[in-house]
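First comes one chain, alone, set out as C-alpha cells in the form predicted alone.
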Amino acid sequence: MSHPIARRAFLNASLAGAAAAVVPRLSWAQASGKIRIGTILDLSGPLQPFGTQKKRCLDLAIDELNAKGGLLGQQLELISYDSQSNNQLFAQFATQLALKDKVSVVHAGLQSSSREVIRPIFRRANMLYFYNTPYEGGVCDRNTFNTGTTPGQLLANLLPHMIKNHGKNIYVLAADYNFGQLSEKWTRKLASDLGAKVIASEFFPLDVAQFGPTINKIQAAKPDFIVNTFVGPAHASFYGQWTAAGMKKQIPIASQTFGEAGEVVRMPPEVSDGIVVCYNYLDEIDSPANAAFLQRFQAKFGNDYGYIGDLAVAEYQGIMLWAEAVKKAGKLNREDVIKAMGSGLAISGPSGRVVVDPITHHCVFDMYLAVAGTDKRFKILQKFDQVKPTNPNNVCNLVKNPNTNQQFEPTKL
C-alpha cells in the first residue's frame, strides 16, 4: 500500500555518502552463526492493524525455516523495528539496517510512501530489498522484489466483474498519497480499455473520518459502482456512514483494500456484506496447503488471531521466496540471490503457486474474486490462474536493462 515524500533531498544528501563510505567494509555473513533478516513494520500507530499480522507471518515463516535447519546450516534471526506509522522512522531504521545491523536482506514497508523512502537507501547500500505488499505497481528496480499484487492482477480482474454486473460509470474514492493516486490512474486506464469511465474521483488524507459531503456528491453523481482504495481506521468509517445513509443497497462497492485489516470479521455484516474484492490470498481458500497454513498460524498465535488476509500472507511468501533463492544459490551473496530469484524460481504457498517474474521482479500468481457475506467471511466467486504482474508494453525489462531505477505510471506508457 502505498503520503507524499518531503524528505528525499535529505536522504540523498545525508545517506548516499554514508552508504558509499561504510557498506563496502561490511560482511553480511554473521560470525554468530545466524543469518540476520531485517524488517521495518507499522507495529504501533494508526497502521498497526496491518503491521501486526505482517509481523506474525514473518515470525511464522522464520520459525518454520529454523525448524528445518535454517539456511546454509545457519539459523535465521529477525531484526525488527517499529516505524510507529512514521515515514521519518522508516528512513532512520533503514539506515540502521543498511549500515550497522549486518542483515542479509530486508523485508519491509507497508505504504508505498514508506517504500519510496527506504528503497533508495537499500539500493545505494547494495542491500537486497523485498516489498511484500499489494500496491499500485510500476516499480522497476533490480535490487527490489515486489511480491504483492499489482493493478494488472487486482483491478484488471475486479473491474470487468463490476462493469458486467453493474454498469460503466465509476466513482473512485482513494487515499491521498501515491498508492491511491496511482491506483486511480490505473482505474481510469483499465476502465477505458473496457469501454467504461471514471466519472469522478476524490482523495482523502489518512486522518479523514467524515464522509457526509462525499456521500452527498456520490448520490448526485449516480455512478453504477464505487471503487475505493482506503487505508487505515479513519477511512474505514466510510462503510458505516455509507450504510447509515441508506446507500448500501443502491450503489455497490468494489475495493482494493477492504479486508486487509480484518474488516470482514470486525465490522457488522450489515455494513460489510456485498463488498467485492480481488486478492492473491484469502483465508477462505479451500486447499490442503491453506488449511495446513491456517492450522500452523493458529497453533502459534492462538484462536483469536482475527483475519490474516492477502497483505500479511505476502510477507510469509516473500520470506519463503527469498529462502528458496538462497538454497538455490547456495550463498547469501546479493548478486547470487538475485540471479537465483530470476531463474524461474517458484514456491507453493498458502495462496497457491507463486513464480518470480525475472523481467519485472514481481510475481505471477493466482487471483481470487470474492464478496463479503453476512457470515463475516468472504465467498470466493472466481479464481484466475497464474496472473501476470502489471507491465504494459514491457516498459520494465530488468534482464535487458538492469540499471533501470524507475516507477512507471499509466500516464507515461
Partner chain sequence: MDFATVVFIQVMYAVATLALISVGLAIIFGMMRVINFAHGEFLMLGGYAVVLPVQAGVNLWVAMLIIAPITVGLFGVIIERLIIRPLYGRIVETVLATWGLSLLMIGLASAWIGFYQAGAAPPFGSVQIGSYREGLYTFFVIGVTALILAGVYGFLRHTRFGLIALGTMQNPAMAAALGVNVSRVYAVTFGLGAALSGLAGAILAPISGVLPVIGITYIAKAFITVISGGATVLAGTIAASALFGTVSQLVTYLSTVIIGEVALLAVAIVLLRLLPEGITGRFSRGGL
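Not measured: the values here are computed from a predicted model. Residue numbers count along the first chain shown, from 1.
Not pictured, yet referred to below: the form predicted in complex with the partner chain.
The partner is absent here; in the predicted bound form, the one residue of G352, P49, P358, G70 having a heavy atom within 4.5 Å of the partner chain is P49. This chain appears without its partner; in the predicted bound form, the one residue of G152, G306, G342, P160 with a heavy atom within 4.5 Å of the partner chain is G306.
Of the candidate stretches 90 to 98, 212 to 220, 72 to 80, 117 to 125, only 212 to 220 has residues with heavy atoms within 4.5 Å of the partner chain in the predicted bound form. In the predicted bound form, the partner chain lies within 4.5 Å of some heavy atom of A244.
In the predicted bound form, G167 stays away from the partner chain, with no heavy atom inside 4.5 Å.
Shown alone here, E202 lies within 4.5 Å of the partner chain in the predicted bound form, counting heavy atoms only. The partner chain is not shown here, but in the predicted bound form it comes within 4.5 Å of a heavy atom of E270. Taken together, the three residues T147, E284 and P389 all stay farther than 4.5 Å from the partner chain in the predicted bound form, as judged by their closest heavy atom. Taking the partner chain as it sits in the predicted bound form, the stretch 359 to 385 comes within 4.5 angstroms of it through a non-hydrogen atom at just one residue, K376.
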